[in-house]
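Single chain ahead, by itself, as structure tokens, in the form predicted alone.
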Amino acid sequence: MTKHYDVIVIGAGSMGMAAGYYLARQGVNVLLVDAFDPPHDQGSHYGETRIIRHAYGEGREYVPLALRSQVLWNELEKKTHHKIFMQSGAIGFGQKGNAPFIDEAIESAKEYNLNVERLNGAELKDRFPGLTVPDDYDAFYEPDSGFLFSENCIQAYRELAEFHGAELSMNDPVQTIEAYDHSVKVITKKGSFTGDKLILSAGSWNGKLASNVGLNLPLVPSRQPVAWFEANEALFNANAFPTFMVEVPNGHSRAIYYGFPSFGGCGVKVGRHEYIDAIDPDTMNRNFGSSENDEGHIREFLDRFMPEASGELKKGVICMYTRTPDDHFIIDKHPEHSHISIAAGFAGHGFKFASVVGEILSQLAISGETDHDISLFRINRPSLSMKAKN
């Protein structure tokens, strides 16, 4: 006999697990389905930590959501035995006049009156002597930001969701989804389930699964190497050094590097924010070092800007980004089936928002509306060039 639920969530990773918790907490009969067993090493939450920052280079429209996310992460930490957030602060810097990401972050801080200090390169080096930065670079320091322990976040939401009655079907890949006028049917490896509402939040698999409900989403998953390096702990431990975003001139374009201080001797963690290696998430090469650029680009950055963090490679992993054509998220209801909500295309900067996106998805599932402004993330926006399949 097929079991029926109020809401089925496909993809119980970052946003999906948060949505499952917020739904279950309100007494909603919810099922969370995932192809793996979150937290796991196959999704975009893998790699221990994620930056949370409030001044936002990707667009000042994100700031209210970042601030609400911080509130929700702080609440989660109070409800669980897991460590969720470390307030290490955050910095950003780039070449003056050639760093639009840094400029927008600074302007977003002004608009929302954030606790952000603007610095030049010389002042930044005085504050953080592990840096090698040209004196005339533009920079900012945001002391209230820091990083999230991403896998702890997923685990905490999972435990709380189950405590409130959510059911989980893990290691259970979805084979197909059938959308009806007022319900859905989800057929998985283990069986079939029906629901009044559906939330699709399957990360890099969203594009494949959305086609089951008539959507051709322009989502491009990509392969993203991240690595940890031996560092001078006196200069780069989390009590002395913040998270960082750095905009570096790269020919006629710019590259953005990001990273984390060392804590517990883990070393400095660094990645390069780019989308060059489009992949199929089912067949992606997950071996760090299979491309010479996996370590090479990161090492070049460290040698230039943080030489005393460019020690021995301690560990390297491969994560995934999934981007949209305009690099903004998709958070919306299906244009033809309003009982289906979709969260997709988080492009390597979405995890910090998982708490508030979970809240948004739970609101959309319960009432069809949300308290938050998600107009930037509408599925039918012109810049997305999305159309429903025939």
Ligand SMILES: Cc1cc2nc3c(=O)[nH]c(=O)nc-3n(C[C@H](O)[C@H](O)[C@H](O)COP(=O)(O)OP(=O)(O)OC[C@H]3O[C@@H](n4cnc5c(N)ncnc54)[C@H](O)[C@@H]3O)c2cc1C
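In this text the structure is predicted, and so the values were computed from the model without any measurement. Position 1 is the first residue in the sequence shown; the rest follow in order.
Note that the form predicted in complex with the ligand isn't included here; everything after this is about it.
- Of the listed positions (F229, F236, F93, W205), a single one reaches within 4.5 angstroms of the ligand by any non-hydrogen atom in the predicted complex, namely W205.
- Distance criterion of 4.5 Å from any heavy atom to the ligand in the predicted complex singles out L209 from the list L219, V116, L209, A156.
- Of the candidate stretches 305-313, 171-179, 119-127, 284-292, only 171-179 has residues whose heavy atoms lie within 4.5 Å of the ligand in the predicted complex.
- Interface membership of Y258, defined by any non-hydrogen atom within 4.5 Å of the ligand in the predicted complex, is confirmed.
- In the predicted complex, at least one heavy atom of G11 sits within 4.5 Å of a heavy atom of the ligand.
- Not displayed here, the ligand is kept clear of E359 by more than 4.5 Å at the level of heavy atoms in the predicted complex.
- Using a 4.5 angstroms threshold between heavy atoms, A66 stays clear of the ligand in the predicted complex.
- Along 26-41, residues V33, D34, A35, F36, P38, H40 each place a heavy atom within 4.5 Å of the ligand in the predicted complex.
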